[in-house]
Ligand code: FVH
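To begin, one chain is listed below as structure tokens, in the form predicted alone.
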Amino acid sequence: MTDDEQTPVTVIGLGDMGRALAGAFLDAGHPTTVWNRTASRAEALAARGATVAATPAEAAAASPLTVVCLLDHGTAREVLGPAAAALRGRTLVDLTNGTPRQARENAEWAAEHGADYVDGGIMAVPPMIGRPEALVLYSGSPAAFAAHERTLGALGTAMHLGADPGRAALYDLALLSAMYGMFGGFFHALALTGSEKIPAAEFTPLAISWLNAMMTSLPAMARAVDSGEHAATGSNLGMQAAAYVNLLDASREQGVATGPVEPMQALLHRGVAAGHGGDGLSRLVELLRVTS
């Protein structure tokens, strides 16, 4: 069977995201089998035409492609263990959030049981699933991904990052790091302006404009990180470390916690102490790498 024939697909795990995944497969016309520990979560999908399996093994045996989306790595291994024999000769796509190490362990486990393995990271929230703006990152068996790319495209834009099964998890978590860093700074900014009763909605457009302007510097910083050439093109580390104290002092004066912004001050000071005060901000990436 090829993707062109509306490949049957199995979804194991029917939390908010799992239900969205199964719903997208159904909407795309794929015969869909589902399983969840709490059977009642499958009722709405069954009403839409999904087949409800009694066990994970029965679910895996129903389709050449099984997509798993569970709470965590441990839960996924616990659920999939009894289904190992049913996965032989099939493709397992694990969209459970986890680490690169866990993804590689899963790939080894799948190979031991004769299954192809693709790991994935969902860069979207459930309401986005099934739309092009929902980005799903994949890595692992290139052949398995190629065989099921059309089917997986029902979930959103599918991007394969290579044969290393840990790559999708690495990208997923790195993107989340960038996102949470931005949110943390934004929330701190709103707390600062809010201390003077400035409405968040009034300040936010200016914050968006400023952040968009700052993002234009990211490609140059990335090139500096790759080349190891960190010459400052604007304010160097020393200047920024000296000025950064005002952010913390103002926060304390305004009654705003400094927790979200203290780590950057410490990193700037480390850079200066290491003799990099004349370099650009990109030098800080090296200070974040822990060496044994």
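Residue indices: 1-based, along the sequence shown. No experiment lies behind these values; they were computed from the predicted model shown.
The same protein also has a form predicted together with the ligand, omitted here; what follows describes it.
- Residue heavy atoms within 4.5 Å of the ligand in the predicted complex occur in exactly one stretch of 160-168, 71-79, 141-149, 215-223, and that stretch is 71-79.
- The ligand is not drawn, but in the predicted complex it has no heavy atom within 4.5 Å of V9.
- In the predicted complex, the ligand sits within 4.5 Å of a heavy atom belonging to M17.
- Contact annotation for V125: at least one heavy atom lies within 4.5 Å of the ligand in the predicted complex.
- At the 4.5 Å threshold, heavy atoms of T96 reach the ligand in the predicted complex.
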